[in-house]
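This document contains two forms of one protein chain, each encoded as structure tokens and listed individually as structure 1 and structure 2.
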Structure 1
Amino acid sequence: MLTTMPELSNGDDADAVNALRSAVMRLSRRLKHQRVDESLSPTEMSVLGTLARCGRATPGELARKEHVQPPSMTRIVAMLEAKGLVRLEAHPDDRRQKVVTQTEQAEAMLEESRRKRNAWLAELASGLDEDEWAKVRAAAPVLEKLAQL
């Protein structure tokens, strides 16, 4: 594990960080266009994805995971509830709090969204040669770790 930040004054590292940022941003923008439900914002989709990955959570926990302020998450959860994509239930230990869970409708929509995005990305990746694809496969766990930091 790196104990210090990579030295960005090194031209190679600075170039690699710049290329990574640029590529991730472009791919992210293009993936966002492969949506199943255009009525949901990217933030709402992200919250549903977090619930799918992490399970039920309080609005405060979701706010921390999504890096938004709690009042913003309260509004997002209310919109998702109004669309039938999440349920609010009593917290098992603290009756002052609510727990957010996704509905079957949300699960089905997320599955269809993943299928569509995966198919698009697989089609895009078909333009890579075997060596390039092997490098992408090897980099995927590292990129996942970077996304979680």
Structure 2
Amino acid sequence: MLTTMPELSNGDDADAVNALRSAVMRLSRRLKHQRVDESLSPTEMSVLGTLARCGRATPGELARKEHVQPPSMTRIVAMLEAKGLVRLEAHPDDRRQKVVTQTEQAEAMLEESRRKRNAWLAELASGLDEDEWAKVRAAAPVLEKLAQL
């Protein structure tokens, strides 16, 4: 739990934070261009990914998960609905809320997406050795957790 957190003041961690921040910013920029579907923004893709894991969610929940303001999520969901990738239904208990679910079309697109991402990854991974890649793989779920804190 890092209750004492002694390492936050030492140089290694400071370097790690610097590296992490820099890498995240640059990678996010590259990911914007590495779109699996030309007409879908990274955040829209991320929402689909979240839906695939959660099954269903309200716009507000999605906004919190993606760290986006509710109005932005409104627009994103509307976009996705217009493209037939999600469905909006009335919330069973609360008529203020709505429930978003993904369509079969989205399911197919995500599969396609996985293939293309792997291709992209193959190119990048060729620059990493086995050990480096193992570190990335180990850290990936942690980073995801970190992003949601």
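Keep in mind it's a predicted model, so treat the numbers as computed, not measured. Start at 1 and count along the sequence of structure 1; that gives the residue numbers used here. In this text, rigid core is short for the largest set of C-alphas that superpose within 1.5 Å between two forms.
- Here, the chain labelled structure 2 is taken from the form predicted in complex with the DNA.
- Core-superposed comparison between structures 1 and 2: CA of R35 displaced by 2 Å or more.
- The two forms, fitted on the rigid core, differ between structures 1 and 2 by 2 Å or more at the CA of R26.
- With the core fitted, the CA of V136 sits 5.6 Å away from its counterpart between structures 1 and 2.
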